Ligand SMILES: Cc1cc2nc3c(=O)[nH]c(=O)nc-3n(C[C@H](O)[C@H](O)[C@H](O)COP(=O)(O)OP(=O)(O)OC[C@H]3O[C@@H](n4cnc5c(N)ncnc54)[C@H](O)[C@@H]3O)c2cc1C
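One chain comes next, on its own, written out as structure tokens in the form predicted alone.
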Amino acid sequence: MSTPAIWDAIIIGGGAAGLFCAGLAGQRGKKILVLDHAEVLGEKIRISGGGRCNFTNSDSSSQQFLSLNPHFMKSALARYPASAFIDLVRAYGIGFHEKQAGQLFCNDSAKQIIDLLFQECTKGQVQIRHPVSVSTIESKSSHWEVMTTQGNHKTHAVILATGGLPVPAIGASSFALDLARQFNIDVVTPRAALVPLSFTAKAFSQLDSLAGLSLPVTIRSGIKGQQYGACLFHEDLLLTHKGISGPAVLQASSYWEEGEPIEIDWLSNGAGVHGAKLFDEIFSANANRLKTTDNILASVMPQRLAKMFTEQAGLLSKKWTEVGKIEQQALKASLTEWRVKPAGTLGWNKAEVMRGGVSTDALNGQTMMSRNHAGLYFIGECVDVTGHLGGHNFQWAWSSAYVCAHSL
């Protein structure tokens, strides 16, 4: 396949957004080159969803995304919704199933999604070169020039699809953010998201011995009216030796701000039922009047956790009829309004996505092109659009890639 004198677009990054954009643009007759520094492409897709790739969420909408501009992603999601990618997956004969709440996974392997993307690129006669490093990108009067370790290229458009900072071991880099700053494009400070939270030894000493225990909870995080706002999630929490994890915590971590507490309702059962109601029900039941506090509590939560809370309250093995009102209210508060300040997150190695990135104020939401630099695009995770857990971040990759490809 011959190399054109000037490409219609060079896409930097051969991940979900980059490959999808390349295939779509190529099938529209555009001459597309994909460059990536990795030896093997699609590694983040391969390891996602436990190796089965949670490739979208059938309920994906702007409500499941964080951004300093909560309206920015609406256009892309409307033009290429989850149903469109689901149709493509079906067209390739890939079997999939819904795990929970709209989360769609491949029945067999995440490699099927990677193969789909490569086949789409083949249909579009896309050229893919890797491993190759990009050293410099320059804007000329009539085109862009991309200098690499394997030669220089001229192009009408440069599309940054290099992802975020999580999992540096498989090639994550700050390339897109650095390039944005080079062209005086604002970058919202990046931070690990969908990531476990850690605690100081003092704050976590009582829970550390319960590592491995999982239960449904309601968790609150963030600050209403500031930055990315506040959240309330009803999902499972997992206690670990380093802190807390599980879907509830990963979700809350995206909203959590440094130095702020999170709040956990340990009795909410994860279905949105306020723990205070359940507390009143079990402790007012006649059948429980002569039972010990920890035994009553163990009927609605793991026994080890029930023992810890009652022991902490000085009520272990104490019959409920012997517990005073002040002690009752204190126990209720500790179970349903447990507040603690995380020390931090477990960082980029454990994060699933990045919060922050290229400011949406600098981009056109209908094309993903820079408002001040014609022909310069940013798509996927490098943009300040972060999805909730459950396939939404892949959907953002597909949707942002689609509108970009159709604007070339």
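Note that the structure is predicted; figures quoted are calculated from it, not measured. Quick note: we count residues from 1 along the sequence shown, nothing fancier.
The discussion below concerns the form predicted together with the ligand, not included here.
Shown alone here, K31 lies farther than 4.5 Å from the ligand in the predicted complex, counting heavy atoms only.
At the 4.5 Å threshold, heavy atoms of P216 stay clear of the ligand in the predicted complex, well away from it.
Contact check for K44: a heavy atom falls within 4.5 Å of the ligand in the predicted complex. Taking the partner from elsewhere, V353 is found to have a heavy atom lying within 4.5 Å of the ligand in the predicted complex. Only one segment in the set 305-313, 292-300, 248-256, 156-164 has residues whose heavy atoms sit within 4.5 Å of the ligand in the predicted complex; it is 156-164. Between the options S67, T345, Q64, S48, the residue in contact with the ligand in the predicted complex by a heavy atom within 4.5 angstroms is S48. Across the proposed site, G26, L363 and S399 without exception lack any heavy atom within 4.5 Å of the ligand in the predicted complex. Within 4.5 angstroms of the ligand in the predicted complex, the stretch 6-21 places a non-hydrogen atom from each of I12, G13, G14, G15, A16, A17, G18, taken in sequence order.
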